[in-house]
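For reference, the chain that follows is the form predicted on its own, supplied as structure tokens.
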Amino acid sequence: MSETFHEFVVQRSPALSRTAYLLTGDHQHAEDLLQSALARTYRHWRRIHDGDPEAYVRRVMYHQQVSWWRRRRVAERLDATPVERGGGDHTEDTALRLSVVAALGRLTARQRAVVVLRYYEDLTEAQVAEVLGCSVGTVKRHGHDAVRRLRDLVPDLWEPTPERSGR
């Protein structure tokens, strides 16, 4: 049992780690989230390893992140202006990427989960509803609210520039 679990962890951890980071907005919290999800997965490995264990881990991560968010209740906020770490100039794409990460951090945990699942994981609304254990209507509502909020927080994301429009 542990050999197949070890192989799964080695092969899928990078992708799962990226998803955890998008859900939390913080590298250390992402590591904690992934570690917690993998520990829970290991306990049920015999039952799930023949199915889709990656989907199981992702579902555990989404639910765990919402649970942690509910318990925290003390909002952690990302600064609107990123801290300079030295080095060269930041390009416009880097600034936009940092703005998006900061904006994701200002969404609710459910909104962030819907955005990550729909637009990063490329799941359908029905698949997102299944993963989050809610109705498709709830997914649509959270998605709509999240996109509206992101438009307010990062207007440059929707304004075409010559670089992004292909001109």
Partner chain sequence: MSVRLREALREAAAEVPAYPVHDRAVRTARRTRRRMAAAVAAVLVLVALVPVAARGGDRPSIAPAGVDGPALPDRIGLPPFGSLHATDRPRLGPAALIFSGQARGLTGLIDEDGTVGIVGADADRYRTWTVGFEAPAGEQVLLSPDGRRIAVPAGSPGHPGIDLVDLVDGTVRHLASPRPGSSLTRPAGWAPDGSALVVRDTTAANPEGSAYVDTLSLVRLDTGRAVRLLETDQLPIFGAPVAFTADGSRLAFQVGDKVLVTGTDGRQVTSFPLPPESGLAGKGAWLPDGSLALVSRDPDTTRWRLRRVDPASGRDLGVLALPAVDGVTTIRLLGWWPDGSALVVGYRPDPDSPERFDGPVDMDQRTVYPNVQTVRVLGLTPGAATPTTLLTAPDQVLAIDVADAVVRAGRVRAADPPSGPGGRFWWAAGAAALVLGGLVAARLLRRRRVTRGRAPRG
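Residue numbers count along the first chain shown, from 1. Since this is a predicted model, take the numbers as computed values, not measurements.
In what follows, reference is made to the form predicted together with the partner chain, a form of this protein that is not presented.
Here the marked residues S13, L34 and R118 all reach the partner chain in the predicted complex, each with a heavy atom within 4.5 angstroms. Taking the partner from elsewhere, T138 is found to have every heavy atom lying beyond 4.5 Å of the partner chain in the predicted complex.
In the predicted complex, at least one heavy atom of R59 sits within 4.5 Å of a heavy atom of the partner chain. When the partner chain is considered in the predicted complex, H27 lines it closely, a heavy atom lying within 4.5 Å.
Interface membership of R40, defined by any non-hydrogen atom within 4.5 Å of the partner chain in the predicted complex, is confirmed.
Contact annotation for 126 to 144: residues with any non-hydrogen atom within 4.5 angstroms of the partner chain in the predicted complex are Q127, E130, V131, G133, listed in sequence order.
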